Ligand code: GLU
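For reference, the chain that follows is the form predicted on its own, supplied as structure tokens.
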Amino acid sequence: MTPLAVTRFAPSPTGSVHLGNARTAFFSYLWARKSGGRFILRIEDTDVERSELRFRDELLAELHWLGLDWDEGPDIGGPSAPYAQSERHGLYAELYARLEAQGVVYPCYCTPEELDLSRKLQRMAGRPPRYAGTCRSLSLAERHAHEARGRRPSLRFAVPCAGEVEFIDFVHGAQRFHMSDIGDFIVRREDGTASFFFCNAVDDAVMGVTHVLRGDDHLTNTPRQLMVLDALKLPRPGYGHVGLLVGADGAPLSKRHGSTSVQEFRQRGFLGAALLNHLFRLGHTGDVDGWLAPAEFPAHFRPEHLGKAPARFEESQLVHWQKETLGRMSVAEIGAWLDIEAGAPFAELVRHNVVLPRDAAPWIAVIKGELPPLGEDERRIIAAAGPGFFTAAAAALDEAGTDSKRLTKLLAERTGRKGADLYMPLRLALTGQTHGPELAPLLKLIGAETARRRFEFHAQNS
């Protein structure tokens, strides 16, 4: 039996949810649901300048649209409330005091300009940039002198000069980091807000998170966070770092690849179930290849099959899952997706011939609107058929009605045309397109009156 897992998703409310973060949230959700554990939503909003309430609300809406829910979070509460880091300063203050009492942190008065210069000098000397320890051994008098000049200190963790940090990563296996390669890092910014290294780690520990899943760009952050937890004698969660999402060209997924956020795909008309089916197979190998309903994902999630290699996001694959999802939707669901009232015949037409709602516009026009002007190639086909063909089509329609089989039989008998010479001008006159769904259901949707008007138009104008 899978051990109970308490997982979390901890986004910053600074913009729309990136696909990479959505995949992390999805995998974390699946791990909790598969094991019968808990999934926590926590808002990391200590970046005061960029965090906005509207982004938080949009974030929650996007996760709900994907079909994810959570057992604890800012909107529903829970035993570890509050779930916004901006409301947890009291806890953080207590923990800072414990670190100060142990002597494992110290105030740092270095300005951003001084830090930038130090990093540049280290790079010029061929050394990796890390904090040089400038303020680590300041005397009390020196600290008072800095404060007298108006400098507000950040709080840095004093990394031991020797030793190693070790842990087992769920994805990458055994990890070992030398402390001598890690510079002293900030746990509290000069404005008093908690840094990521600090609050992300301690919140996981005090909230009882057992399994942290995130992108492997965070792998080198983990030893710093473990040092904080060990110093505070807080429990370590397990960590797993999955390969990042990349575009078809192998570069990190960015705007130049097209849409990159959940919101963008939602606005374009992609379906949540389609996006989940694609994300499920990016950096994870399940035990089924076919389409899965949202409720089926947890049973087929395999944490041991999470991948360390970058995962390629290709919209062509998303389109495949979009078509699979459309093929399983009800008439009412398709109508809601298109924001129109859709009968069963039109729903059948749409589910097999469109990918996004905008693709339905030409077929709505075919059925009850005005057809756009024909292109040059299409006009040649109409002209080759000639007015007599369309006069005969109108007459045949009077006898056959919307029975396409009888209509084409009568038209073939009266014009001598067959195959493409029969069907192509007929389809063009009715739909304005040379390709599309079968003519029989289309003709019934178009109706005899509209079909006759289109035949008569071409009889007079071809």
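Small disclaimer: the values here were computed from a predicted structure and weren't measured. Note that residue numbering begins at 1 and tracks the sequence as displayed.
What follows is about the form predicted in complex with the ligand, which we do not show.
Looking at Phe196, you'd find a heavy atom of it within 4.5 angstroms of the ligand in the predicted complex. In the predicted complex, the ligand sits within 4.5 Å of a heavy atom belonging to Ala10. In the predicted complex, at least one heavy atom of Glu44 sits within 4.5 Å of the ligand. Although the partner is absent here, His146 lies well away from the ligand in the predicted complex, with no heavy atom inside 4.5 Å. Listed residues Asn200, Asn277, Thr260, Ser154 were compared with the ligand in the predicted complex; Asn200 is the one with a heavy atom within 4.5 Å.
When you look in the predicted complex, the only residue of His89, His218, Lys308, Arg189 with a non-hydrogen atom within 4.5 Å of the ligand is His218. Across the options 309-317, 353-361, 210-218, 116-124, residues that bring heavy atoms within 4.5 Å of the ligand in the predicted complex belong to 210-218.
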